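So this one's two forms of a single chain, laid out as structure tokens and tagged structure 1 and structure 2.
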Structure 1
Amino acid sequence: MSTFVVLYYTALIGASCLAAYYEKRSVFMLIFSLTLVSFVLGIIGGVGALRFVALSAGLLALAAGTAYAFREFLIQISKPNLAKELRTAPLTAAFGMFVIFTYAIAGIFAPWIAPHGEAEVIGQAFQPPDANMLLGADQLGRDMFSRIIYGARNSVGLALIATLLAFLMGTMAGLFAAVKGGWFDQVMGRVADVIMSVPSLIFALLMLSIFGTGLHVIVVVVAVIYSPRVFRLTRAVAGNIVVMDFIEAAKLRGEKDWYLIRREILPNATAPLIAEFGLEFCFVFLLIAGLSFLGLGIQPPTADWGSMVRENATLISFGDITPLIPAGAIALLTVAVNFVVDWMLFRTSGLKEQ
């Protein structure tokens, strides 16, 4: 029995007693079941497993603390109306916002944050971490840390542009289809059906094999693949709005289609569309990361998380976790966006009673 194990169980049992005393039932159940699980884990995995549990619990607590502080910060700096909304945000959503904020800072100020250039060879291949290179060097001797920072700009930036394009195409087509109806609506609907009937990764691979792997090609192809989702949602939301009386009134006033879309329909459709934008971004981001991982996305020497994983994958067979960091960065951002979207959907829709 090391001191660590003694401390570990003391902390857990003490915490569960406290929770039970203050009648926090769910907290007590969580902590005490963790204690019971730890008995089994400790027997199977030894001290290492317990250390892992303690570390994850610590990280979780840290994340929760950060999220709480960040939410308070946002509430303090925003206007009263917005602050009221923010107060209802769960910690997960606050954590998501914090992560998105961090990524935005890293992406925008990449050249100032990163100690070295993204394509600058400064050491030997796979050089271990030191004071100069925080995470060591990659397969060509470039600084891993700097490339991850630059990756925030390149990978996220590209996904953002593709999402914006997909969104523009999807919403425009959806709004016009809803307003015009008739054959235009039918044709757009069928086109969307066909595109959605092919798996997105397969479609992207087909198109990239034909048009090559330029950045503009990726953006357009990914936008075309994901715009039908936006189209369907917009069409459904706008379809419910066009049958309202105020649209009828606007039509009788002699307003043009463009005015109807801009002034009458869009303001009523923003909430679901913003949530959809978040979800869409996740899909696009994961697709582009997958393509880069397959070597068909952003081309070297541009730093990009997907291709970084592929290039440094050999390190994993030596038990090194460095190649997992860019992959983890992808996962973290997607989780963060999902958390925020979850909260937004919860806020704007009737999901509350569930």
Structure 2
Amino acid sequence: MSTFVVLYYTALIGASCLAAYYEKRSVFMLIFSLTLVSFVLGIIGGVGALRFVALSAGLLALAAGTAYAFREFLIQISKPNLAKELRTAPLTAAFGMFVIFTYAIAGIFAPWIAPHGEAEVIGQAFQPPDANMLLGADQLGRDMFSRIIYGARNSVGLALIATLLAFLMGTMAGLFAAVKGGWFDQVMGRVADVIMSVPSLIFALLMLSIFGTGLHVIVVVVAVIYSPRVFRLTRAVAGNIVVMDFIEAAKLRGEKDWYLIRREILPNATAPLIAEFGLEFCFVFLLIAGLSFLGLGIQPPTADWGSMVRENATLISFGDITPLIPAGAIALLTVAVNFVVDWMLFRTSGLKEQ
């Protein structure tokens, strides 16, 4: 243990000195701050606390290195204009893109990546991990690792479809409301107010209890719940565009509403709408996971991360963290999407790095 402590502090102090010598101020502040935090935690928690700090710092360094390498890879394969934008992306955004890419690969190629079928029973209930089952078995003896891989396809895919439908409904309604105005704008606004006044979870539980828990019902219900949010943003953005001179010129030329939307308004509103799409996906994804946890989302035997947390929650009482793995998968994707959205919002805001 004393050898670990000596090597740990030697590495930190040596790295701090190198950063100071080469005048890397930000790197020096980061490493030396870690040294001071480690010193305090070492006094309070002993070697165990130091090992935890070292492991956490190592994981963060690994994530940063992965994000940097993935960003450079995207720069190399991108066109010049896109590559220039990617060079300004922070490591958090690059890490988010890497996580999204990983989830997409897992979802698309799930049948080839997963060693077993999502509903295939291959062992005993709650069987511990072994060479055949990397994460052990669930309450029915199904491979947890395979079900998590298939869950990427089912959970994320369903959330993506629902988000696309919500965005289509909300965007079209918002654009036509901004162009037409008058009674149509007022009616759509009041409908959005009514839907938004009901809590999302209560509204979803009520609708699914009435119409059933089929996948098409879930998609439509979730899309109806979140389309008013998209409508509000689209109406606000388009409302600022329709009063501009080039819109008035197009109207004087006799252009129809669909032309104004397609050629004049939508190209100027694309950036904030794309950023909003990422945020809406997070909300939809978390709502569907919550419904599955409550038993009204994706139904067994289809693999779904929300239902997997509920089905295996008993293991937590025995000190097994297996149920936290699908919960962690949900949290990781949500954080990753927010990292990318934050960067996109920063780009579209017109702010500059200092």
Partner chain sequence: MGDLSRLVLKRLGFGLLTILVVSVLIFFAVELLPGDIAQAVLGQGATEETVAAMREQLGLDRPAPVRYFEWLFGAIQGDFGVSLVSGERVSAAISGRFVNTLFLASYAAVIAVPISILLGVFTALYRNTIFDRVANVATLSTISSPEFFLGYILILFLAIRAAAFPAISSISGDMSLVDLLYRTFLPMLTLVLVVTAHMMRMTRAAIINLLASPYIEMARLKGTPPWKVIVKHALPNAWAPIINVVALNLAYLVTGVVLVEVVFVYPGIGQLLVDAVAKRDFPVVQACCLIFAATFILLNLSADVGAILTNPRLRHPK
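What you are looking at is a predicted structure, and each value in this text was computed from that prediction instead of being measured. So that the term is clear: the rigid core is the largest set of C-alpha atoms that superpose within 1.5 Å between two forms. One-based numbering along structure 1's sequence throughout.
(request) Of structures 1 and 2, select the one representing the form predicted in complex with its partner chain. (result) Of the two, structure 1 is the form predicted in complex with its partner chain.
(message) Splitting the motion between the two structures into two rigid parts, would you put A54 and G107 together?
(response) Different rigid parts: A54 and G107 travel as separate units between the two structures.
(request) Look at the chain as two rigid parts and give the angle between the two structures through which the smaller one rotates, in °. (result) The answer is a rotation of 11 degrees for the smaller part.
(message) Could you tell me the distance the CA of G48 travels between the two structures after a rigid core superposition, in angstrom?
(response) Superposing on the rigid core gives a C-alpha shift of 3.2 Å for G48.
(request) Any chance you could measure the C-alpha shift of S33 between the two structures with the core superposed, in Å? (result) The shift comes out to 4.9 Å.
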